[in-house]
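One chain follows as structure tokens, the form predicted alone.
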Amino acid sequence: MSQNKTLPSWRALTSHEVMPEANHDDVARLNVLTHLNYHLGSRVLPGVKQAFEQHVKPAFVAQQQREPETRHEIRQAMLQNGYFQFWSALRRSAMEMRHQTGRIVALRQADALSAQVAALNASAPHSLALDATVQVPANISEVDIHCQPGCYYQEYFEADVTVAASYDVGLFVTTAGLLGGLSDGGGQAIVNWLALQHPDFKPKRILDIGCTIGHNIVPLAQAFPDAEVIAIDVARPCLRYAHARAVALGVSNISFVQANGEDLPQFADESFDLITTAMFWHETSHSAMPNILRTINRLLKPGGLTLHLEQPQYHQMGLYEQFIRDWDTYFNNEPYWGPMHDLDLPAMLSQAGFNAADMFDVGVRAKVDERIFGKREAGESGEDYGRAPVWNAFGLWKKP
């Protein structure tokens, strides 16, 4: 990242009818946290590597008579380093304060948000299907993912959407706005990639698994307005909010359905042309992932595409980068992050019934509104080891 880039204000986000209103003090807090995150990534984080190379690694070698052989050995050694402790504590605090601020903004107007969401949802009742029998799986119910109170599913009263609204408020803070005005950079990245690499692909039926607030599926629905789009999640508050948000944005070809991707008996075999996820697998348990991949294989048409935005697998990088990316596993309440990025994805796809030889991975990045967020500067990677809007998508075309 550039060290002197001017960041946009949180107010640069595109307003929509269910976005909570933030007052002067709210915006000031959100902007301070955005700048803190940016400062930690651009100014402080390089010093962590310097501390490792100049102090921690030489001490390890002197003691062990060899270099560290795993990222876990690096982490254990770095835990005693004051500079790493300083950076890590600030990064964790920035995440907690993001969620605290988002919760304050959303809870203060909880009743008004619920009423607004309910009104929008009532205007298009056919495209929201909630199911009280759907159980929230343990990987969601037992973990406040990335320190988010209530994760994605918590409801404090009937029709509560505050957990979804606060998530929408806070996304900007972690990525310094680089997900775009609607925080939809992931979906925009898929749309851009398809337009550039596969312009003749026109899916008629699209499934998005783990849609949360629907920010990444809306661009796909807009890019393929004649397609029937189905977005599923287990979290009721997110689905209510996502549906109302899509209605508010004038998108009418998405049905939001409460369902668990491990088993989707309501959908026929080979009935989808495109099946997507966005930053989903690293929040999924090892027991759930094989079931969901098998479901995708069952539902995907021959000739169809399944595409998944994720951070890169660890085997593609050196030990230090593995260690620094693995920070989320141990310090950001992301227990599935490291184990997922250790997986042999071709083997997982093969076990799910796909031909692993068909798998590809490709780098994609969010398309940012340059009128608001400025042009990417020469030499700017945008990388912050898991925070930047840069993904390593993997997928495959299912051969007939």
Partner chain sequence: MNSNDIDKIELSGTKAKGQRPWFLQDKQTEQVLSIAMALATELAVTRERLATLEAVLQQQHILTADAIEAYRPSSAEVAKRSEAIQQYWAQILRVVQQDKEALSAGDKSMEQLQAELTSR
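Positions refer to the first chain, counted from 1. All of these numbers come straight from a predicted model, not from anything done at the bench.
One more form of this protein should be noted, the form predicted in complex with its partner chain, which is absent from this view; the next part is about it.
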The unique member of F60, F52, Y336, Y38 whose heavy atoms fall within 4.5 Å of its partner chain in the model of the complex
Y336
Contacting member of S252, S93, Q313, S271, with respect to its partner chain in the model of the complex [4.5 Å, heavy atom]
S93
Heavy atom contact within 4.5 Å of its partner chain in the model of the complex, the stretch among 232-240, 202-210, 95-103, 173-181:
95-103
4.5 angstroms heavy atom contact with its partner chain in the model of the complex for L120:
no
Looking in the model of the complex, any heavy atom of E158 within 4.5 Å of its partner chain?
yes
Please determine whether F224 contacts its partner chain in the model of the complex, using a 4.5 Å cut-off between heavy atoms.
no
Under a 4.5 Å heavy atom criterion, is R365 part of the interface with its partner chain in the model of the complex?
no
Within 234-257, the residues having any heavy atom within 4.5 Å of its partner chain in the model of the complex are none
